[in-house]
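Shown next as structure tokens: one chain only, the form predicted on its own.
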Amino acid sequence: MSELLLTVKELKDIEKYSADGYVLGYEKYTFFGASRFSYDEIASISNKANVFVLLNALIHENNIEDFNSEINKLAKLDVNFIVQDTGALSLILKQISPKRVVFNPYTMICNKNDFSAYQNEGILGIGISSQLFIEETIELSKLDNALILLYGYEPIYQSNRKVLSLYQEAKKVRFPNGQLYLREDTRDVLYSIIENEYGSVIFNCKKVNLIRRIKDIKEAKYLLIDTFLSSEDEIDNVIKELNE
């Protein structure tokens, strides 16, 4: 039976929602996530819940020493880790057991060959791309230690370039505060875009929602509900539907 993972916006969500594991962003090296928490906040909850620390920033050469330092500090806590960058994966496996690491590169793992390349590392879980046909997703969900995005938005573009800042500078405009979107010229479709100190991320215009196909993917080790960009009411409804 799959384990349900839930990304956390506030620490009180851990008491509000029942899940097998809770994914917490960190104050450093979380590119995007429901929220970022301090070391002390994560430490305060690490012995009360099954915590996965989300470190999904793209790691560059000038970050290696600091990243290693943060892993060394976090590894002392009773937590597991989720990374998306192959460089981050390589660095973290030099310090801690692969049985504490989930590799979730979002759109990268699309077939059994991709999966097996990382399965051989003996890591805790491997994320499957949600950009596949449902039949392919069901088939890959049967692989040992597969992680499937059950609900939420998946990123389709990431870069260390600060796209919004570059656009504003080139066009001499200022964007208002709040969530920003990209719109295609030929279709009235909106893509959420964010920018921070780690660069820019564009998310798919459609949310993944496999709640009604959960029986078909029940062999996956992990099913992830990502609350990023979703309202509290939406998440309440998702949890209610799961419990029905």
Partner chain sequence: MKRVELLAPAGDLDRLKLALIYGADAVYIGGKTLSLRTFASNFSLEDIKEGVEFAHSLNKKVYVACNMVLHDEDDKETLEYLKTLKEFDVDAIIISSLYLLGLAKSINLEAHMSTQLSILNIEAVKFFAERGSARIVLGRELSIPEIGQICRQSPSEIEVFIHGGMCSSYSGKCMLSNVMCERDPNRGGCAHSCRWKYHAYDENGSLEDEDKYLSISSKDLCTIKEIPALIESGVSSLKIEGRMKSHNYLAFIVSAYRKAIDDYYDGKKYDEEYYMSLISYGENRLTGHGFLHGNVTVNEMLFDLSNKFDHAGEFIGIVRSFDHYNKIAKLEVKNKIIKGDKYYVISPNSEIKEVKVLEMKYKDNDVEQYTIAGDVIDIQVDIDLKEYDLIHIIR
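These figures come from a predicted structure and were not determined experimentally. Numbering follows the first chain given and starts at 1.
Not pictured, yet referred to below: the form predicted together with its partner chain.
- Contact with its partner chain, judged by heavy atoms within 4.5 Å in the predicted bound form, is confined among 178-186, 38-46, 208-216, 22-30 to 178-186.
- For the chain shown alone, V51 is not a contact residue for its partner chain in the predicted bound form, no non-hydrogen atom being within 4.5 angstroms.
- When contacts are judged by a 4.5 Å heavy atom cut-off, T86 counts as touching its partner chain in the predicted bound form.
- Interface membership of Y153, defined by any non-hydrogen atom within 4.5 Å of its partner chain in the predicted bound form, is ruled out.
- At the 4.5 Å threshold, heavy atoms of N196 stay clear of its partner chain in the predicted bound form, well away from it.
- Annotation: in the predicted bound form, residues L77, N80 and S231 none come within 4.5 Å of its partner chain through any heavy atom.
- If you take 96-114 and check each residue for a heavy atom within 4.5 Å of its partner chain in the predicted bound form, you get P105, T107, M108, C110, N111, K112, N113, D114, in sequence order.
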